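The chain below stands alone and is given in structure tokens; this is the form predicted on its own.
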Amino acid sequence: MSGDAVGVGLIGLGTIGTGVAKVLKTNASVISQRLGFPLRLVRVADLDLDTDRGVDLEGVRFDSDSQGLIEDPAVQVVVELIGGYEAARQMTLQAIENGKHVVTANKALLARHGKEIFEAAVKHGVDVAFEASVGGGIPILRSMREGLSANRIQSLHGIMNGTTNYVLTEMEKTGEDFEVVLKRAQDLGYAEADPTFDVDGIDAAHKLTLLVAMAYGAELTDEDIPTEGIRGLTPLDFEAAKQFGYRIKLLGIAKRHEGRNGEERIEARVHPTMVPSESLLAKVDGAMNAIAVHGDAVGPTLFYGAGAGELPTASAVVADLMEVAREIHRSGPAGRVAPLSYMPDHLERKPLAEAGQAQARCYLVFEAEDRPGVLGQIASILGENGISIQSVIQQGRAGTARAVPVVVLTHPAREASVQAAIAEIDALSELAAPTRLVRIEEDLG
């Protein structure tokens, strides 16, 4: 290896790792032309040494010795692509302690252990880059960290998980139940065998954690973010949303609030959301991702593209590698951009806006007995909790079923009031199933 080349060690040769190896090999010449020196894959570690990934690893040491890779002096940058929490955490910290720069696509790791990892990186004078952890091939983190760095971010709304967006798109298009569409998504490779992280909103919460840190300098973990998934949605919800002029998306939402005394509070949440059908986010279908960011200076912006996949995600990983390689060729850490946009010593615990104080219009579905007086009881409870009804649709006719869905669209109401009303209504003997709630977001930046 020439003296100018930067050596890369890759831990994890799964889908994304294979994509990284392919991009480094296939685009070696253009990468070298853009950097002014080679970026060379010198070592790969993975437990599976037998599966043919369809990538040429000639001249690359390939074994299961991740510790040896981390300690190898020929490796200047370690790429961690094994996913998960603890094993990835240990390898990342070991690499940092060995003076290696780290590139990762592991949003779960950074959402849970980012503070520890970034502090270690500062201590040892190395970089941690993670563009691929949010939005796959969409350069949203680099845009937040650099392109929008002069702005106060007012809000962001993101479709951050391609699996759930595919499922929601298909449920709306076909009228099929959640489980049927999820099975098809698994057969097509859009959903994992265990889809929990995706359909329960956990993956989106991991990504929102990083975006909130970049947008507001807020130190938090995904466990701080109220999170709901899409399992409870039914074909009826999509039919009703269409009638009301909305589409349903799983959104990660963050907003900045300023109190009377100037104290900044951050609102952050993940849940299924009805958005106006004419909005740009509503038009994002299939497995695509999109993130709308509103800055006080730049105004509304939208970032759209493939949020996952072998080569789109590998594109972001290799772009990080190139950025780190440039820094290696500079003398010392001067001029480096803070990984979370804010310098590590300026990240701080910020008060999160109380979930109960959030205000939104709501879509509510009550599975109620089809007999006189029940709708009046529901309306009375909503009114007693300060919730005003905008529209009501009652599905079905008397005598056709013991319980029929009653769809209610409310005017803006406090979350705490809505939850109190739902608890009271669900206690009624006339209710056959728990109330379904989907919040409505009108102002998407």
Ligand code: HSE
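Predicted model, so just to flag it, every value in this text is computed and none were measured. When you see a residue number, it is the position in the sequence shown, counting from 1.
Omitted here: the form predicted together with the named molecule. The next part is about that form.
Enquirer: With the named molecule left out of view, choose which of L110, I140, M160, L156 has a non-hydrogen atom within 4.5 angstroms of it in the predicted complex.
Expert: In short, M160.
Enquirer: Which of these residues, E80, D203, E131, D237, gets a heavy atom within 4.5 Å of the named molecule in the predicted complex?
Expert: In short, D203.
Enquirer: Quick one: find which of 348-356, 177-185, 218-226, 304-312 has residues within 4.5 Å of the named molecule in the predicted complex by heavy atom distance.
Expert: It is 304-312 that comes within 4.5 Å of the partner.
Enquirer: Can you tell me whether R269 touches the named molecule? I mean in the predicted complex, with a 4.5 angstroms heavy atom cut-off.
Expert: Output for R269 is no: heavy atoms all beyond 4.5 Å of the named molecule.
Enquirer: Quick check on K207: any heavy atom within 4.5 Å of the named molecule in the predicted complex?
Expert: Result yes; K207 sits at the interface with the named molecule in the predicted complex.
Enquirer: Hey, in the predicted complex, does D198 get a heavy atom within 4.5 angstroms of the named molecule?
Expert: D198: yes, in contact with the named molecule in the predicted complex.
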